[in-house]
Structure formats: structure tokens, C-alpha cells
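Presented below, as C-alpha cells, is a lone chain in the form predicted on its own.
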Amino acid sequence: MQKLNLFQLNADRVPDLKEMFAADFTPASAEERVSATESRKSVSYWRDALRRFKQNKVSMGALALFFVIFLFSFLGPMLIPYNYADQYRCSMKLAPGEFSKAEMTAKAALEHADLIYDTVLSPGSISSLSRNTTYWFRHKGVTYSFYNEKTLGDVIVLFRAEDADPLVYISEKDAENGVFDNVTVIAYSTENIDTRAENTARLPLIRNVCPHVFGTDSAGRDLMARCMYGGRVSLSIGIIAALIVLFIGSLYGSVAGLIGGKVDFIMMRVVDIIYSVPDVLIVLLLQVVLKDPLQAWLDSSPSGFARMMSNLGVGIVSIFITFACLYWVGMSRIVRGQVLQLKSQEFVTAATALGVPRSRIVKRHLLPNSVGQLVIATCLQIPSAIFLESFLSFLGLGVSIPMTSLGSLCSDALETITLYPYRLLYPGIILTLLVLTLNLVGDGIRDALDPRLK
């Protein structure tokens, strides 16, 4: 039996395709081509969000101020000769921009020399040139060394390189008027020496005397250097704590929202219980319970991470543990809401029908589509973490001495607030501007990523 082709039976009813195309499709005119031309290139979601963020003048101004504070905290310590922990016994309780008597004497000495070393300007409670010690310093690639036979206390070593033969001399200071007395020329050598040998020390010469812009505290520590390091510690703690919250909260919320049912109900009740726990009480309990074990681990562990945590102290480690235990609950609720909204979408249904594992659906579909909310929540979590760390350091539960933070600086300034109010003013202003700018930047990012929230 011969098989019939359906297209052969209906051949008479099918019109000529060439005639149909010629009749229905005609070339576009010049006006039609102009109207069909793309008026502007399409932009991505993030580029469009960046454009909206740039239009927010308040957030852009806050971002610029935040970068100034960031550079002040992280690059500022490289530009000043003072360290946050160094104590200068001649510079105690100085007002902002004020010079001590020893610093004025050093400035006068620099008028007669290119480089100087003043025993009084050296950090520490007691500083002097030790006897039977070879001191050395470098200038323009040349190493100068000299041998000191006796202990010298309040003296200045001066180096003048203007002459054909550089001159190194030492001078004692008159206690009454600060003029130089008993000037002695030092016999030096320019031969290479073993700088790591015993009874050998480097002489840190200075070219100019840097003022204490923010003043000094009762221990002779430079307040601007301490504010720089305090801002660095507060910012680092805030960013690390926000990342901890982001990791734990996004993982917990995505699992609860994707599985749903009884698992979601139980996980959310755990979140409700954690919400009711006071965070300050947990920090106190963690410090009491974990202080000795943590300190023993930090002292015995050879890893670099343990050394870094040891410098911050057990209090900061307790703050990190508190954020890991408590502060992720808000992030988990945000992620859970996003997952509940997204898991009913067609692309998630298609991935489930194809047998894609749930872990891959979370990593490749749900979390990337929730990144806008995650960025907003993380940006707003940073100032919250900074404020909590400053509050705990203000109470004495944060960083350990000699490390400092903005909160501990404010706490130290309370003892002398009536005599030296500027000690509280500077760290307080930096902390206020830091938290305010981060909140304004977070609000601008929220409005840029989701304009419907305006």
C-alpha cells in the first residue's frame, strides 16, 4: 500500500512562498529605520544601580568623607613618626599643636645640623647612650659608626653633612636655658660593620621635629597616632564582623527558605530564641568562660592568625564569637524572605525538575539573585558592628592595652575631661563621622539597588 504525504495532498492549497514574502515583507523606509534605531545602549543592573547611586549627592558626599577617614586610619600612620604605643616622657599632657621644651631645643639644634638624635625625644621611660656600645646610622647610602665609652643621659648627637668632610658631634644641654654646652666632636668610621653584632645599636636620627597635632595624653602618647590606629581597629572589626554575619546568616536563611515546612518552622523558632538573648550579657559570659582557654591558645599557638588575635586581645575575640552566635539572625531573615520569593520562580522549578541538587540551586540561583539585599544588609551591618565594638571598648570589654580603638580612647579621656576635653573630642568626632557616613552610604546603596524602597 502506497503511503500518502500530507504535504502532497495539500499542495494545491499552499500559496507560493516567494509571492507571500514579497507581498508581506517590504524594505523599511528611511523614517522607519530611524524610529527603529536604538536610542541608547542597554545597561546592566549593576551599572544602572551605580548611575542611581551617583545621583544621590548625600551618599556620594558621605562616601568621599568615608574614604578620607579610611586613608587617615590606614595610610596616616605611615606619614607620622609616632607610634600608637610609644611613650615620650618629655611630651606628656601637651595641647594640640604644642611643642615641649625638649622639642623646642631639638628644633634649635636642627638649625645647626642636618640630622640629630636627642635622648629625651626617644620613646620610653628612660633613654640614654649606653657605654661600651657601637652606634651606627645611615645617610645617603653611607654607614657612619662611632664607639661610646660612657653612659650619656640628656645629650644631643648632631650630624652635619654640608662640609666636604661630614661632622658628627655631641652636645650636652644646659638645664636652665636649653643652650648647648660641652660640644665634643666624635671620631667616626665609614667602614661597613656587622649591624647585628653584640653591643651594636642603630641610632635613629631625625630630620625635623613633628608636632603633636592632636596633643598627647598623660603617658606622653601621640593622640593623632592613637586615633589613626583606633580607627583602623574599629574599621577592621566592623568589616570582619559583617562578613561573619553575612556568611552564617545567608547560609542559614537560604536553607530554611528552600526546604520550608517543619524544618523552616523549627529554624525560625531558633532565630526567635536567639533574638531574645541580650548580646552584652553573652559578651560578659564569653569573657568569663573563654578568657583563660582563649588566652592559653593565643599564647601557645605559633600561627600568624593567633598572633594577630593576641594583639587585639581576648575581648575582641569574644566580640567576634558574639557576632557569630547572635548577630546573624537578622541577615538570615532577609535571605529567607528572598529565597521564599524566588523559589517559586520558573527557573528554580526548571532546575528542580532537572534534578539539580539543592546546594547547587542555592549557590547558583538563589543567593546570586539575592545579592542586592545581601549587599544592603552587609553595608548596614558594618556601622552596627563598629558601634557595638566601641561601646564594649568604652566599658573596658574590648581591645587590650596597648592596642586601642575609638571606644577605648573615649573611655580613657573621661578621667580628664574637665582639664583636657580635646582628648574626648577627637575620637568622638571620628567615631560619629565613621558611623554616620557608613549609614548614609548604606542607605544610598539600598535606594540604588531597589528604587521601590524610596
Partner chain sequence: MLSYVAKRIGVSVLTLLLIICITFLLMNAVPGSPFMTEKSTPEMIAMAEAKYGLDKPLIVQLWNYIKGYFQGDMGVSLKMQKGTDVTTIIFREGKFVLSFKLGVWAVLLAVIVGVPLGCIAAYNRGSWIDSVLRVMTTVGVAIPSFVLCSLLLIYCGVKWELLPVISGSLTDWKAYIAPVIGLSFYPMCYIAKLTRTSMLDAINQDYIRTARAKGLKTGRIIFKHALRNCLIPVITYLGPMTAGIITGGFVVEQTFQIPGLGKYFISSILNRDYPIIMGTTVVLAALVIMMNLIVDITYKLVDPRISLIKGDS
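Since we're looking at a predicted model, the values are computed, not measured. If you superpose the two forms and keep the largest set of C-alpha atoms that fall within 1.5 Å, you have the rigid core. Numbering follows the first chain given and starts at 1.
The same protein also has a form predicted together with its partner chain, omitted here; what follows describes it.
Contact between Leu284 and its partner chain in the predicted complex is found at the 4.5 Å heavy atom cutoff. Among residues of the shown chain, Ile445 is not one whose heavy atoms approach its partner chain to within 4.5 Å in the predicted complex. Proximity of Ile417 to its partner chain in the predicted complex: non-hydrogen atoms within 4.5 Å are present. Interface membership of Leu425, defined by any non-hydrogen atom within 4.5 Å of its partner chain in the predicted complex, is confirmed. Contact with its partner chain in the predicted complex, judged by any heavy atom within 4.5 Å, is made by just one of Ala385, Val399, Ala62, Cys410: Cys410. Put simply, of Leu71, Leu79, Val288, Ile266 only one has a heavy atom within 4.5 Å of its partner chain in the predicted complex, and it is Val288.
Contact with its partner chain in the predicted complex, defined as a heavy atom within 4.5 Å, is made by none of Ile259, Ile376 and Thr378. Heavy atoms within 4.5 Å of its partner chain in the predicted complex are found in one stretch of 338-346, 247-255, 215-223, 274-282, which is 274-282. Residues of 421-444 that come within 4.5 Å of its partner chain in the predicted complex, judged by any heavy atom, are Pro421, Leu424, Leu425, Gly428, Leu431, Thr432, Val435, Leu436, Asn439, Leu440, Asp443 in sequence order. Gly337: CA moves less than 2 Å between the shown form and the other one after rigid-core fitting.
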